Structures are given as structure tokens and as C-alpha cells.
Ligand code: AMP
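What follows is one chain in C-alpha cells, specifically the form predicted on its own.
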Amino acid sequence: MRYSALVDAYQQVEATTKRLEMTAILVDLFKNTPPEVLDKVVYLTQGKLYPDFKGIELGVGEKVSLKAIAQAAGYGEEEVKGYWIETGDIGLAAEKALKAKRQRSLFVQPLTVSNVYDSLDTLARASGGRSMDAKIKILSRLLHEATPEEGRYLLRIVNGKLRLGVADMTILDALAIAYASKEDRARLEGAYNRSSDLGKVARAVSQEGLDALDDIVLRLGVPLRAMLAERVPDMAMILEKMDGKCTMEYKYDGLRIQAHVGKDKVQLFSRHMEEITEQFPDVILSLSEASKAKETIVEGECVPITQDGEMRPFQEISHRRGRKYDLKKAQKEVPVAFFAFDCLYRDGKDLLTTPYPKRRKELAKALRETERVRYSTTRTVKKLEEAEAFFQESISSGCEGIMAKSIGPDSIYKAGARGWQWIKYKRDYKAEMNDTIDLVVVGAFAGQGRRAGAYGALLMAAYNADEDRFETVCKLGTGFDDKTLFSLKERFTEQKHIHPRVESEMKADYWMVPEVVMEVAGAEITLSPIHTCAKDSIREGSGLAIRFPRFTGRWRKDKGTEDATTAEELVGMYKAQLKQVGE
């Protein structure tokens, strides 16, 4: 299959902001893709080579890119750099340079998907003292054989900036339509939730049909997508949603971890399938010592603690994330405990369809409690006063609230899904909106006066899960110290036009790729004629807005953008306010 077919589809996707049109383009692409390369097409469309948990990244930066473009086009690096500065897009710079190419070959073989993928795979794995030279050689060869349009997308992929606005759920929609039917989509999503690997799902359904998806099962070392919780603004609503009875557990203020514990190996994954094993050698040792099973997959919260075992603030564990050096020093300065709350797999038994109470019993069979490995504190409640008392107990213990979990026969683990089987309730969800919602940065406004040269405010959005888009909810300009304020431009990826998954009636000075989540505090939620969050759901022509928003200082690196506060949650919080401003 020629790579140009992929590029043609990308150009069509970039030309629309409508999800249905994007899906139709992908359906056509997938139907015309040979099954043996479909997984590669899916990965490349995601802007990667492998699922995230593999940890294999392209890692090509500006220096390598400019040298490769210069060699392929027969230009000096400064000339190519000029194109880059002019366009602000390394892909467009490559396209422009290749269009004006000085060295043309009459005998160039068209690029194929396999050739591109395999070359990029070799590039990603290059290491050692000569790795930069090897990467430049591979990339320049590809560019030498590429058309200008192919060069644009090659450079965007290797620099991690493909960003077509195509979500994983859109790819699943397209795969279902191309190889099965819309009614079968749930089976594809189930396989994806168990494997966290869209390429594997695509390969299975295209080569062997729907029944092959049943062979995609839980395996040690392959993370599954995390189950998510709904939120409510009122404690009484929890018991209403759960038929008057549920188990509540402490909501720990830590890092959610999925631990895969084997006889000779332990692997840790974040809630977004990033392997973080090397960052927590002390947790590895603790889980190895606590394990009672040959193989198990458990979920828990990694929480910073004092030497006496008391819980410390979440921010302190951020000092452990991403560390590759001085790990022993970090372990001493920020010791952690693992609070296990669920068991998903034990000794060959998939527990995803096992009700929650039985999974808790399996947890006790999988792990023993030790000084650094503990079970989450739980209590079954039937009355509101019992729930309130447990909530206050959780807060007093240093937690941020409670998690309520269904204990009925349908209380299965729904990987990758958000539902009323789990409900989280934090102390700031009562009546007025006091703080802590998680919003996505989608744009920015130029600073004035003392903030000249920096962003004056950020445009923040909530996630609309039904429409798979981000809807604006406030301008955020307070809560930043000077150091943070003037370093904001380094944290976001700007683009010239509004992102296709962003819905905004405001015109920002800068548009961002929606990829950063920030914790925001606010006074209350109001109706707004200019924001698009949950527009028309409360009053026709009005959306929801956060009044007096401020940044809490907490960057939610542990959350993906689709895990941000949803429009539906904000509607619920608005309706529960004692005073509904704006009516």
C-alpha cells in the first residue's frame, strides 16, 4: 500500500472539523487498506508506532529534523530553518523545502506504508553515540523519496505533532463500520479496553473477524484501560443512584497505579498506560514482598507518607514522577505506600465480570497487608448519616473525599468506561463551587502591561463525552506566580487555527492542542451567553461558565484530557447550587 493513500486521507481529515466526516474518511481508508498493514496504518494515524505502554517513542527533535530536511532537499540548514520560522510548522517547512528541491532524482520508488513504518521503527530504536547520525540518515532517505505532501506528514509524525484531531473512539467507530457494523462497536471497544492497543484490535477484526476479538484477553504486562467514576454534588444522590446501599472507600490523594505482579517481575502503569516501573523501585519491592499469588493485576493509589506512615499532600509525589536519577534519595525524601483497592486478575482468572464485593475478596487472596502495602479503607453504608460520618472520617485521615461503589450483582469492572457503578465525592462538591475541577487548556489571550510578552489568560474547557469535544467554560488568568506565568508558553503546543475537537464562540489570540489538564478553583457556576459548555442544556442560548476561576497550582499530569471534568458533571453541579446565579 502506498504511503500517499494515507497522506490523501490525512489531508481530507484536516479539511473538516466534523466527526462524522472524519469517520467516513477513515472508513474508506481502512476498507482500502490490506489487512496485513492495517495495524501500521492505525498506529501512524494515531501519530505513533506502538501502543503507549510499549514506551517506544520516535524522539526526533528540531536539530535532527532540520539536518534531515536540508540533506534531502539539498539546502543549507539555515535556509530550512527559515522555512520553519516562517511557517511555524516543521511539517510545512519540510513540504516547502521539498517543493523547491535542488537535487532531483529521476528514479525514486514511491514510499509504501510498510517502508515508512519500518524505517521509523528503526529510527525510534536507534541508540548509542552515533544514534543522531543514524536518525538523520534514515529520515533524510525517507524525505528524499517522499513527495512534498508526504514530507509534511512524515515530519509531523516524527516530531510528535501529527494531531489530526482524530480521537481513539473515532478510529473505533470507523473500524466497526469498515469490518463489522455499528451494532458491533461495543465488542471492538471491549477488546481495546482489555488490550489498550488499537492496532491489535484492527489487525484481529480485519484478518479473522469479530470472533477473534474474544481472544484478546487480560495478560500480565499489558495494561487495561482504567474504569472511571461519575461525580455528584450531593451525598444523598449517591444512595439514590445505588439503590440505598453501597460500599464507600477513602479517596486517596495519590497517583493511581495498575500493578502487574508476577513471580519474577513487577510492572507499574499509570492510568494512561504509561509504564512507570523504574520510577518506583520501592513499590516494586513492597508488592513483591506482599504478593500471595503467582500472577495478579491489582489497582491502587500510590500515596506519599511520613516516616510514621501518615499521608502527605499529593503534590509531594510529583517529585517522584519522571525521575531517572537519584532514585534512592527520592525514596528517602518522599516515601510512599500502595493502597490497593481492586483486583482485576489472579492466577489465570479474569475478574472483570466479577461483582465488586467478590473482587475485594480476591484482593485479600492476591496481596497481604504490610507496612507499605495496605488495603483501602472501606465501609458499607445504608443511611445518609453513615455516609456523612465516613466522609468526615476520610477527610480527617488526610484523604480528599470518598469513592462510592456499587455492591450489586452488576457491579462489574467496566474497563475504559465512566458510569454510576463508581461515584466520587469530594468535600468541594457541596452547594457552591469552592474548588477543584479539572479543565483542559484550548487557547490563550495575549498579556498586557506587566504580562506583555506572556499569556494574559488561558481559555479553559470541559470535556463533552457525548460529542467527543472540548467546550469552553472560562478564561483563567489568576493563581499564577510570576515564574509560572512567564513559563506558560513552554508548556503548550500552539497552532494557527482552532483545534477540530474544540467548540468555542470566543476568538483566542492563540489556539492550543488540547493536551494539558489543570486543576481550577472557582466561586460558582453561572449561565453564560459566550461559553459553549453544555450549551442549551439549562437555558436556550446559554452555556455554563466558572465564576472567578483561579489556578490551584496543580498540573494534572496524571490525567488525560478525556478524563477532565465533563459538561454533564458541571450541569449536575450547577443544578445543585443553593443559589443559581444567572436565572
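Small disclaimer: the values here were computed from a predicted structure and weren't measured. All residue numbers refer to positions in the sequence shown, first residue = 1.
Same protein, other form: the form predicted together with the ligand, not shown, and the subject of what follows.
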In the model of the complex, which of the listed residues (Y463, Y345, Y250, Y153) lies with a heavy atom within 4.5 Å of the ligand? Y250
Which pick from R256, K475, R451, R225 sits with a heavy atom within 4.5 Å of the ligand in the model of the complex? R256
Of these, 182-190, 84-92, 418-426, 128-136, which stretch puts a heavy atom within 4.5 angstroms of the ligand in the model of the complex? 418-426
Between the ligand and R271, S376 and K405, in the model of the complex, does every residue show a non-hydrogen atom at 4.5 Å or closer? yes
Considering non-hydrogen atoms and a 4.5 Å limit, does the ligand approach K559 in the model of the complex? yes
Though only this chain appears here, would E301 touch the ligand in the model of the complex if you measure heavy atom gaps against 4.5 Å? yes
Would F341 sit within 4.5 Å of the ligand in the model of the complex, counting heavy atoms only? yes
